[in-house]
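Take a look at this single chain in structure tokens; it is the form predicted on its own.
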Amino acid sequence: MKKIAIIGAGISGLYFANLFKGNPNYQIIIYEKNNSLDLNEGYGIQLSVNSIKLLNKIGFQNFNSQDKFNPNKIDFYSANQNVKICDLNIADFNTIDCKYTTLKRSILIKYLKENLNTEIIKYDHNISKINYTNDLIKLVFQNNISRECDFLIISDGIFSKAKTLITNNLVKPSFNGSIAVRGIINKKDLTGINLDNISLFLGKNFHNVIYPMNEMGEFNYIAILKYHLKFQELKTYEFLNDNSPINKFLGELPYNTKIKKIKYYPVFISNNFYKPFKNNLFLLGDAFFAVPPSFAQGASQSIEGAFELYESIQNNSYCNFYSNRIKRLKIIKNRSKINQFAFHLSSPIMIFLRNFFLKVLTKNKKFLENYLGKVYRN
């Protein structure tokens, strides 16, 4: 029996473990540094049909319909004028069993966790060393426990400690010049938008998105603001003090007075792809490569990558895993950068041209199939 160790109980690690559930040829253990998983966090994620198809392989089609939502369109608005520009029918990419889905991240984590045996996740295991002995990998944790495994899967997020250990701290994420604002809005506080759709507001140097997360009237709010921060501000969050210009900026955002449970954080992304030198050591999710958030593919790519690795291990063919994953993520990264550039335009002439082309391109089936279909349909 092969032993597979997973560092981090996030979406990619939990989904990967679910794929191996019941397979007698593998023993799966997830090592999580915290003493529990936060199942109360209320922020949302978007899952396009490429990831829903893969989640259905572990029974997601039976997931409680009240705890998720299937928006039909993305409505584009001018944030300053609160005027609708156009809409994009994302339901065109749906199938009967696979539909564009929004839900709370914590709800998906709970679903993935509950599908696993309770003994699979080991809490309070903070990795401190990773050593190699012949074909095995030895893990040493801060509680002086050591374990050996045949495969190691690192999936502990963009600030991955395990990745730092194997790269000697040479591969680090970088600040991409944006601040993300997350929050929750209740359905009763929203007016002037279609509550069955994703609402995307485009403003000067920012954009924000509002979408339903379930059938109970809870909506996710996320804004991405172009904002330069100094190194010290990144460490101390001094950009949130009362005298900071960002507070005035945030006060002008659509629905700002209705947002609850607000959290702010600088947006960090990956610059380079790192391929481990061992063929039994793998990186997944943001630990492998974190893309900019403006294409809403973070969670979907975590699921995709986990499934691709699952197939590679099952078929004993690892040589193409990283090349295929890098090729895929480059597409996502480039589309994310294009989106953020277009969403944050400040020149009136450029905004006029952008809005004109949005109206045309969102109805052009050939363009949509190339820009979205190649991603959504795998």
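Numbering starts at 1 and runs along the sequence shown. What you are looking at is a predicted structure, and each value in this text was computed from that prediction instead of being measured.
The form predicted in complex with a small molecule is left out here; the points below concern that form.
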Subject >> All of A9, S12 and G298 within 4.5 Å of the small molecule in the model of the complex, heavy atom check >> reply: yes
Original post:
Quick one: of F60, Y310, F343, Y31, which gets a non-hydrogen atom within 4.5 angstroms of the small molecule in the model of the complex?
Top reply: Y31
Original post:
Within 4.5 Å of the small molecule in the model of the complex, heavy atoms considered, which of S302, N197, N176, N208?
Top reply: S302
**OP:** Have a look at 31 to 39, 65 to 73, 334 to 342, 312 to 320 and name the one stretch with heavy atoms inside 4.5 Å of the small molecule in the model of the complex.
**Re:** 31 to 39
**OP:** Would you check, heavy atoms only and a 4.5 Å threshold, whether Q46 touches the small molecule in the model of the complex?
**Re:** yes
Original post:
Can any non-hydrogen atom of L88 be found within 4.5 angstroms of the small molecule in the model of the complex?
Top reply: no
**OP:** Indicate whether the small molecule has at least one heavy atom within 4.5 Å of a heavy atom of R105 in the model of the complex.
**Re:** yes
Original post:
K99: heavy atom within 4.5 Å of the small molecule in the model of the complex?
Top reply: no
